[in-house]
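Heads up, the chain below is alone and in the form predicted on its own; it's given as structure tokens.
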Amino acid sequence: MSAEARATGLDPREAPILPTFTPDHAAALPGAPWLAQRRVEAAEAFSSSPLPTEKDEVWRYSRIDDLDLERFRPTGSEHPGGDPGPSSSGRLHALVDGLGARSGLVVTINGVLATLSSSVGDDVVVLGRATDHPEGADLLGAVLADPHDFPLLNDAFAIDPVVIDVQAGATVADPVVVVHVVSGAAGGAVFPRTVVRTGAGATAGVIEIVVDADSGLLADAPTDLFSSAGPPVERLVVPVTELKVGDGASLAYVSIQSLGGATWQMAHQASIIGADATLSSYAVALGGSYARLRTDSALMGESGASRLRAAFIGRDDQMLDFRTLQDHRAPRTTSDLLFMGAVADRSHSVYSGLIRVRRGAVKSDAMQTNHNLVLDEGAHADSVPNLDIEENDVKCSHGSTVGPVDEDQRYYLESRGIEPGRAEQLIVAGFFESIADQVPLPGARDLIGRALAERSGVSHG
């Protein structure tokens, strides 16, 4: 909500147009004519739309009313040449090299493409800007076709949308790594945009990281994944990722969020899964002040399958917010979702998920599970699983748990001489061990396991 709306008591739906996210700002960004037109249309749509509030069902339990968009400005509009700002190249190389072998690397800094390299030919994978892709205008929005609120802002202010196009029938042994680095002064708003398309029968993997240049995984101290070079800098980061898995294709996708402690993130991941295709998606949330990830997975072709996983640990006064949609639109489709998290100190987590089985999606099989550990009295977790079933011949289940550390487990460890604090750390580590082992790309598995262990206060050998 804007400062003016709060001061005057206006409903934010009637608040004045924001001065920092206007069609003029969008028009000032560099790019091809079709991209410039797309930006302006999105900025106009955003300016004429009501701002989201906590009264909206999809924003229920959130902290969206605390967001003052007037405090932020889009990066890049003041630098029409696309100045990417500073980077931490040594730490970035160490992070990327730690992921193991890769088939390609894409790095953006504040949304501006800074690095592009590939070890495979264009007959296997095409990497680059959407503006350089022959189908770029059609690829953007092909999955997320009806954006609202923050995805609209991404449409309006994404500087260098990136495309990863895996050719039909290709088998890519090593993943493509995409790193979006966020840096610069307080008040910057960054809009990473990634499109991944796997052609029919292709097999590929993608690791996508959104990281603060001065904290988290790029911190100066390599033994402390969550150290910071100074006080947290308030920024707005709005990543959008579109995944299109062609018929008979298989895509493993891992996203890692490691942002500073004062950052607002509004992320959206949308996927379309074709016939006999498989998406294995894994998300981990490590940073941010308020970090939201909406995951929409549409199973469009018969016998398509999705496997959705996420892990998170909240500390301090963080709020980690996850919203999911498992959308079954074709017969014999399968979705399996497991999100697991823990909250400590005064942190708060939200999980709200919907399984939707549309008419005609007979013999669909959907599972949705959310488990939460509450480690301190000041912490809180909300879990709201939902079903919307329009067919009879289906199998769907959902469930959630919210609670403290199991006292029987604690007693067992303490009765064997383990200190109470250490006992809790070991229990939390065990809670995350099974889901950490489910990261679908080996290169990211060790990093995520180490990050979750360190975040829970347990050394990771």
Partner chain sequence: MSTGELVIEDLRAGIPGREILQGLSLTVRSGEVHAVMGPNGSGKSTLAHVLMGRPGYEVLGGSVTLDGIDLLALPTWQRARAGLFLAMQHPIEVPGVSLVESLTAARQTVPGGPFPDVLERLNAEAARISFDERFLDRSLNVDLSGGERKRNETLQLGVLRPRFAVLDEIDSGLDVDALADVGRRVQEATSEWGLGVLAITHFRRLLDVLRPDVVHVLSGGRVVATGGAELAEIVDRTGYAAYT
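What you are looking at is a predicted structure, and each value in this text was computed from that prediction instead of being measured. Numbering follows the first chain given and starts at 1.
Missing here is the form predicted together with the partner chain; even so, the following discussion is about that form.
**Q** Residue 50: heavy atom within 4.5 Å of the partner chain in the model of the complex?
**A** Residue-level check for residue 50: no, no contact with the partner chain.
**Q** How about residue 418: is it within 4.5 Å of the partner chain in the model of the complex, going by heavy atoms?
**A** Within the cut-off, so yes.
**Q** When the contact criterion is heavy atoms within 4.5 Å, does residue 407 count as touching the partner chain in the model of the complex?
**A** Residue 407: yes, in contact with the partner chain in the model of the complex.
**Q** Would residue 411 count as a contact of the partner chain in the model of the complex, using a 4.5 angstroms cut-off between non-hydrogen atoms?
**A** Yes, contact at 4.5 Å.
**Q** Mind telling me which stretch in 429-437, 29-37, 57-65, 392-400 gets its heavy atoms within 4.5 Å of the partner chain in the model of the complex?
**A** It is 429-437 that comes within 4.5 Å of the partner.
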